[in-house]
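Next comes just one chain, in C-alpha cells: the form predicted alone.
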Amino acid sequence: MKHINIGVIGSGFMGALLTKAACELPYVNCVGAADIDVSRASKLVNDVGGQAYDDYEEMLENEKPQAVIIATPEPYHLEPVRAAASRGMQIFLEKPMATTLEDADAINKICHNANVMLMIGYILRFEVSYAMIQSAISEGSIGTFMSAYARRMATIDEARRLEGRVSPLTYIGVHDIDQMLWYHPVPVQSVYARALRGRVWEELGTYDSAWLMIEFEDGAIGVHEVGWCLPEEWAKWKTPGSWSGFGDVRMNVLGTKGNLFLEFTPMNLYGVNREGWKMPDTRHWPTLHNKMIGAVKFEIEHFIDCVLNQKEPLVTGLDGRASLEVMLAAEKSIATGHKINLPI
C-alpha cells in the first residue's frame, strides 16, 4: 500500500475533523497544520502528528505534503488553493468553494492549469441514505424527477459559534442545493428566496432562516428550508459525552412513479434522562471504538483514493461552482426581493 503525506490549512472544526478522519487511515500521515491561531494547529498536530504553523506558505514549503485539506473561512479559499496548486499538491477544499463566482472560476482555472485534482467537500454525497436516494433516481425507479424538498435546521448555538460571519444559506444550505443538483442534473432556470429574522438577527445580525425555490429548465422544482433557529435545548445535554448533537434534517423526493423520504430527526437513536431528550448524530462523524466513522470517513477516504489512484473525485470544482451560483442567486433574491434568473 502506498503512503501519502497530507497537510491542513485551517485547523478549526471541519479542518480538524477531516484531518483526524484522514489520519486514522493506516496509509495517511499528517506532516503539518497551519492556522492563523497557531494554538489550534498545535492542538491538532498533538492529536495526529506533524508540525504546527501560523503561516501556510511556510508549512507547504517546509513539509511538502502531497495533498492538502483547505478549510479556511469561506471568503479565504483562493490564495491557499493558489499556494498548494503552484507546488503540485492535490486539493480537498471545504464547501462552499468560494463566496464569489470570480473566486470559484479562478480556483478552477488554477487547478486545471497546474494539473492538480480539486475535490469540494460536500459530505452528504458520502452519507449512505442520501447516496441511496441518488442511485434510486438515476436508476429510474421513481420515474421522472418532479420535485425535492429539503429541510436543514441547526441550533442557534451553531450561529453563535460562527459569530455571525456567514448566513445559514451560505454555510449549510449549500449542502442541500448540491444534493438537488446531483439528483437532478438539469440546468437551473431561476431561484426565488425569502429570509426570516428572529433571535439570530437580533443577536448577530444574520437572518435566522430562509426558504428558497429552485426552478429547473424542465419545470422540476426544488424547495429548501434552512436555518439555525432551533433552541439551545435541542442539543444541550452533557451526558452521554460521546453523543454529539445535530439538527432537524430531512429530504423528500417526488417522481412520476414513486416517492423517496429521508428523515434524520432523530437519525436512528434517541434517549432521555434527567437532562431531557437527546438525539445524537449517528451518520456524519460519530466515534466508534475510538475511531471516527460515518460520512466524513467515507468522504476523506474517497479523496485519498483519488489522489493515490489518479481518479476524478465525485465532487469536482465545476460541481462546487454550480451549487455556489444557486446559493448566490438565493442570497441576491433575499437582498432584492425578486426572482433571480440564471446564469447570474
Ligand SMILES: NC(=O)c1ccc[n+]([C@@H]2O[C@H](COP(=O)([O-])OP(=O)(O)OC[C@H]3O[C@@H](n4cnc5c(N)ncnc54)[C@H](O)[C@@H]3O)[C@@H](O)[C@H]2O)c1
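Numbering starts at 1 and follows the sequence shown. As the structure is a prediction and not an experimental result, all values here were calculated from the model.
Keep in mind that the form predicted in complex with the ligand is not shown, yet the notes after this line are about it.
- Looking at G320, you'd find every heavy atom of it more than 4.5 angstroms from the ligand in the predicted bound form.
- For the chain shown alone, L328 is not a contact residue for the ligand in the predicted bound form, no non-hydrogen atom being within 4.5 angstroms.
- Although the partner is absent here, Y171 is a contact residue: one of its heavy atoms lies within 4.5 angstroms of the ligand in the predicted bound form.
- Taking the partner from the other structure, the ligand in the predicted bound form has no heavy atom within 4.5 Å of any heavy atom of H302.
- The stretch that touches the ligand in the predicted bound form, counting heavy atoms within 4.5 Å, is 160 to 168, out of 104 to 112, 208 to 216, 160 to 168, 231 to 239.
- Site residues D176, V249 and F261 are none of them in contact with the ligand in the predicted bound form, judged by any heavy atom within 4.5 Å.
- Residues from 68 to 89 that approach the ligand in the predicted bound form with a non-hydrogen atom closer than or equal to 4.5 Å are A71, T72, P73, E74, H77, in the order they occur in the chain.
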